[in-house]
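The same protein chain appears twice below, in two forms, each given on its own as structure tokens and labelled structure 1 and structure 2.
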Structure 1
Amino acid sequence: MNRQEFESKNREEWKAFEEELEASEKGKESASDVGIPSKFRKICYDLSLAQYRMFGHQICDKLNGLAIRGYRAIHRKRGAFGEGAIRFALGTFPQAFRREWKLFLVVSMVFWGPFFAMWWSADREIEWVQALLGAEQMASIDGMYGKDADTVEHLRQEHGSNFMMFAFYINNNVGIDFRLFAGGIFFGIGTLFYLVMNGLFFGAVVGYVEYAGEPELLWRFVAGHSSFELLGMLVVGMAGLKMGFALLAPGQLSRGDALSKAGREGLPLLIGGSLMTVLAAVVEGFWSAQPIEANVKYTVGIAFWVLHLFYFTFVGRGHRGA
């Protein structure tokens, strides 16, 4: 069989396949998708034949294009979103966290070290804290947690301000999470930088409020969302550091392959950690500033920390194969 025979014998079939693909790509007639797999196998066969016999790039390119489109049509994912989300929350995410527990130790030290160092330094020598925060930040902290400040609860009485702050926290904190992750591409330095800076800054705020303000106002405000926000940030940091370590020490793989593997394996941490930060924004926007007694807020805050401990330790054990 030469090229012309091959082409004239199959032209109709190829055309039919292309039409079916077009219908399927437009999302119409999904019932006729049943015809695609068998026709796709025929296209694969024709393509191999055309390539082997070198029927020229005209035919090969055409069949190649059809094969790619057929492959896409067949391997398109139409997953149930709800089921995927539940499986993620009850399995994939906590399992990925436990698999990378060493990274959790690393990010924890990188964050809490500067945090406590800054807090401690405020007790002995406030100038470090003052230098880090700067006049503007200190004024704004005085406004919120100072000795005679308008409390956050009071400021949030205005209509819509809770929602406004929620949007602000989403934009700011989740954005920081994404940068924290992406910074891992610089051999992890970007991730470490953001973690250290956040540790220093939070430590400085706490230290400054202890020094100059009314600590109870601060604790009352942050108690509820602290677990979501801090753990979410650390978990995303784990995903970023994973990429960094893969580039530094790729082991048996090439650096490109190691990076790809780290990206794939760190993905649940990125998604889960960012979702935790979204939850933190919900809590911070709609609960933390409610005028409720301090003890209730502390209890809720502690309950959330315990819940996180329980979640990351126990959830998703036992059905690893699922």
Structure 2
Amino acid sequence: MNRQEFESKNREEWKAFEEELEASEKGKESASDVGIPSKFRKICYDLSLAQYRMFGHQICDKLNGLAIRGYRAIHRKRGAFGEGAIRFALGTFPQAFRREWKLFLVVSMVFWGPFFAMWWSADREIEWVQALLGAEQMASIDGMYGKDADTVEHLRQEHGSNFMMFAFYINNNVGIDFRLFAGGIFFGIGTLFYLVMNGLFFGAVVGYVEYAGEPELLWRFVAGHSSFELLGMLVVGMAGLKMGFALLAPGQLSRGDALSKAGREGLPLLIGGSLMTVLAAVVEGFWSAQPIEANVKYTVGIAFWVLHLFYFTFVGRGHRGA
């Protein structure tokens, strides 16, 4: 096979590979991306053959350039997950949050209103709190935050290891996230319902501990993970309400198209909020349940709230889509 025959036989294949590389370099997803590694091996073979048969620097340089670009494309794909995660955390998620700030106001009012109402009612009508919690829940709260309680020891007896506590909190938090998001399918009513119920429950717990227990034990325990858990829950609620509002007011789109569009736009909120509640479980299982001095826990907790405020306010500004 001479130089002309070699080039004629492989020209179309080289051109197709170059087009795939250009699409990959522009960040376009392609079903043929999975074929880049095999085509890269073929380019390397052609390059070695051209060099061995001395077909000239023009063909060799072209194939060498394709081989270098192919190697970079494969390397970039292998690192895509990490790069994508960084872009999501430092751009996509906080930008999506700021775009939907009105939804954050809505979910905050829906959650914090019942929370403070139930907390306030504990000093005046403790029966409301007792009725909401029930005897079994109050007994559990007494074991953790009662006058003579040892929160750490109670958690050890109930869950065993730190990892088992982490697993329990993961299961609990994921369940809350799922209900909040899935509730958006029912025109947002389900999301609103679970936000109200969580607000009432958390407010009842705080009110009951203020009434019958040792509040410092509660605040010391929740200080570290409260920002992750509460803000993460509200962010997932934003994703659920976005779907609900799309169904209520689809505009010129069909309800199916409006729901699909809202789902895509709300996906960063769902993923980001869920990751926050997962981090809450990590902190809750491996930090909050440890016998660490109260002032240290309070300091860490305040620092996390400040970092969240900074993150959602400033991170991602100046980047495209902010």
Partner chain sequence: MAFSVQRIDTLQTVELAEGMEIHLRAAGPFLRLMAYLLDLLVEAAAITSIGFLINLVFPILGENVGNAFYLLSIFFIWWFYHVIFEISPWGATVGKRALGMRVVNEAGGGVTMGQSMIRNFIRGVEFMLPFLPLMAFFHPRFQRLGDLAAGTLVVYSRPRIDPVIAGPPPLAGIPVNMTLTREEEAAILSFRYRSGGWSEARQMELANHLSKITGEVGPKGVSRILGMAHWLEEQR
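Residue 1 is the first residue of structure 1, and the numbers go on in sequence order from there. What we label the rigid core is the largest C-alpha set whose atoms superpose within 1.5 Å from one form to the other. Note that the structure is a prediction, hence the values are computed from the model and not measured.
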Item to check | Selected structure - the one that is the form predicted on its own | outcome: 2
Checklist entry - Honestly, after the rigid core fit, is residue 68 moving at least 2 Å at Cα between structure 1 and structure 2? => result yes
Next on the checklist: Once the core is superposed between structure 1 and structure 2, does residue 16 show a C-alpha displacement of at least 2 Å?
Outcome noted: yes
Checklist entry - Once the two forms are fitted on their rigid core, how many angstrom does the CA of residue 57 move between structure 1 and structure 2? => result 50.0
